[in-house]
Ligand code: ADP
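Encoded as structure tokens, the following chain is the form predicted on its own, with no partner shown.
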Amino acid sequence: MRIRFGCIADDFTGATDLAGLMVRAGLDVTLRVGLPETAAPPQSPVEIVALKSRMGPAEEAVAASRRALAWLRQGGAKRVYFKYCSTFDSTAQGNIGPVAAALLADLGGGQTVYCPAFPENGRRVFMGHLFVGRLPLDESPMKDHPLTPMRDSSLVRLLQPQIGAAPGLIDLPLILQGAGAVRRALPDLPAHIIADAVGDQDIVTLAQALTGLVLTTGGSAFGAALGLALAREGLPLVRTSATALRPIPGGQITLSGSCSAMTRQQVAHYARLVPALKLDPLVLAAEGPGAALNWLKAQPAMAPKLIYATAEPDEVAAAQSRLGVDGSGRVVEQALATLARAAFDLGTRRFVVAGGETSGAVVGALGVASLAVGPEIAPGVPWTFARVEGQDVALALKSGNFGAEDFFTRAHAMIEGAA
């Protein structure tokens, strides 16, 4: 098997988001968790490598991404996609721009395009400005993100300090002229280019125009559209059979570390329906997760349950002021990872996880190396399947702001309905 289209995602929920849309589009996808071993053979023409590189130091994100690229190229990939969040989660130092620049250099240079738009989930780019629903990015709940507060909606201004130069712009009027017009405009644009997209057809047009680029970057919608465009140009990317939703015997649990506005609504909704435990970062830092482990062990193994560190912005700020931004997040991730492993040992086999950093911690604690991608629960959130110590496990890894208020209930009902 040769890799025809290689993808690198900067967190685990972003990787499953991309994989879910690609599977919906009919592409043959394998999702790798973490850096594959050098000798690991490709399994599908589309390989996605899920990293945990969104929030760490830029130099570490670059190094991990370059190693992932080397593995993809070793497997045959000549077209590469770098996937990040549709809300462009980053800081003035990175990590989006530095990673894209390093990947582009390793691939021999040229141009790359940034298109985070995901219209189906309300992320649109117009004249280089990113909107979440009807709000500019800097007026949306993302302005209060605990790790990457987004205080500017201009992707041009956000990207410039990360790459040390002003990026170009493929604006909506140009896109509306068609793929040919976009291709003809490329020679007059710099190496790094922001792309508008307000509807699904804009993303399709961009994909058709940009199949010649060795590196493209953006959200899951653009990545899936590029895969389809490459398949229509003759690359053998289409799968022969789907990964079906299948019953997974055993208990269930929902774990949430995300503090996004939508996840807060989802946690509040689900906590009214099932036994729920809220984690306090200050208590975890002082005492560890022992009390939470005792609570988990006291719950019926097969019954639904929720453990969460999801909190309001003022609570998050209070914890960060005492523990630091990194310290507060780290104690929560470590606790949720410990609880996920304990839940597995107690018989849990179905995990719904909210938050990219939390998902990375949980997947790592379970020792998952690759995921088969099944049908979507909500746009960008599929059920995925893995083997853990010889046992079948189902995981739904949800980006913070994805899904409706009843997402947790819907996710569990969907897989229980497969029985």
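What you see is a predicted model, and the numbers here were worked out from it, not measured in a lab. Throughout, we count residues from 1 along the sequence that is shown.
Omitted from view is the form predicted together with the named molecule, to which the following refers.
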Region of this chain that lies against the named molecule in the model of the complex, out of 189 to 197, 221 to 229, 141 to 149, 104 to 112 [heavy atom, 4.5 Å]: 141 to 149
4.5 angstroms heavy atom contact with the named molecule in the model of the complex for C259: yes
4.5 Å heavy atom contact, V125 to the named molecule in the model of the complex: no
Contact test in the model of the complex: V132 vs the named molecule, heavy atoms, 4.5 Å: no
Contact of G400 with the named molecule in the model of the complex (heavy atom, 4.5 Å): yes
Check all three, L255, L296 and P304, heavy atom within 4.5 Å of the named molecule in the model of the complex: no
The single option of S153, T216, N95, S328 touching the named molecule in the model of the complex, heavy atom within 4.5 Å: S328
Answer option from L245, L346, A311, V182, heavy atom within 4.5 Å of the named molecule in the model of the complex: A311
Residues within stretch 184 to 213 having a non-hydrogen atom within 4.5 Å of the named molecule in the model of the complex: none
